[in-house]
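Read the single chain below, which is given as structure tokens and is the form predicted alone.
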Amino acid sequence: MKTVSTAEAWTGTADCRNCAIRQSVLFARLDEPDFDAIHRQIDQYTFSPGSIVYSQDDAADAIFTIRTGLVKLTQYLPDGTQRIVRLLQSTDVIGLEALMLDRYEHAATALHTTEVCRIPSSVVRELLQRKPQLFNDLMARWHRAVSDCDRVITELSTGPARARVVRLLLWLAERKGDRQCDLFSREDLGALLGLTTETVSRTMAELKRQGWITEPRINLIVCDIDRLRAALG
């Protein structure tokens, strides 16, 4: 855990000028006194790949803003099966249900080395009391989360295997604003797309052979965006 002083955070030293907290819609409208009040109760953590940020059914007492990295949200069914329901990246917020529920609905796991800031849900509730205009910003976060879930269902969980993989690559590249995207294990890709690990591996190999993607290092994918979009028709 790392604590950054309020002065460092507000002035932008200690890399806080571009921090997800400063740029997040939840906090972008704060003036310095409000920022000071909330900052003193924020803790910063770094999770290595595979580390659990929180588990499904854990007591929900905080929300987390992702500074850097990639996090998967997984839901476990009573029979033990699991499904990745969402991927979240820098500036995204996880654990929003902590503002309404007493238990987390998913397990949050870091897929890459991930930095997060933990904000107690009580702090956010108090902030909303003092700054009611932030409610609309919070609702925008909820809407984005719902839209991402809809996209997983409609685009990443239906259709032929190649179309699912291509849509995921385009989505990740779009979120990063680049031709590159950082992937993760083939097992996790299968759990997200509703495909077997073998099918995902075979599809990725086919896209490489066709020259639509390259992989200069493990899990770093460079996409030919135009050809991938054309492949979807």
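Note that this is a predicted model, so its numbers are computed, not measured. All residue numbers are counted from 1 along the displayed sequence.
The form predicted in complex with another copy of the chain is left out here; the points below concern that form.
Checking 86, 112, 162, 118 against another copy of the chain in the predicted complex, a heavy atom within 4.5 Å turns up for just one residue: 86.
Here the marked residues 207, 210 and 220 all miss another copy of the chain in the predicted complex; none has a heavy atom within 4.5 angstroms. Another copy of the chain in the predicted complex is not approached by residue 126, whose heavy atoms all lie more than 4.5 angstroms from it.
Put simply, residue 136 is close to another copy of the chain in the predicted complex: some heavy atom of it is within 4.5 Å.
Shown alone here, residue 67 lies farther than 4.5 Å from another copy of the chain in the predicted complex, counting heavy atoms only.
Another copy of the chain in the predicted complex comes within 4.5 Å of a heavy atom belonging to residue 145. In the predicted complex, 157, 158, 167 are the residues of 156 to 194 with at least one heavy atom within 4.5 Å of another copy of the chain, listed from first to last.
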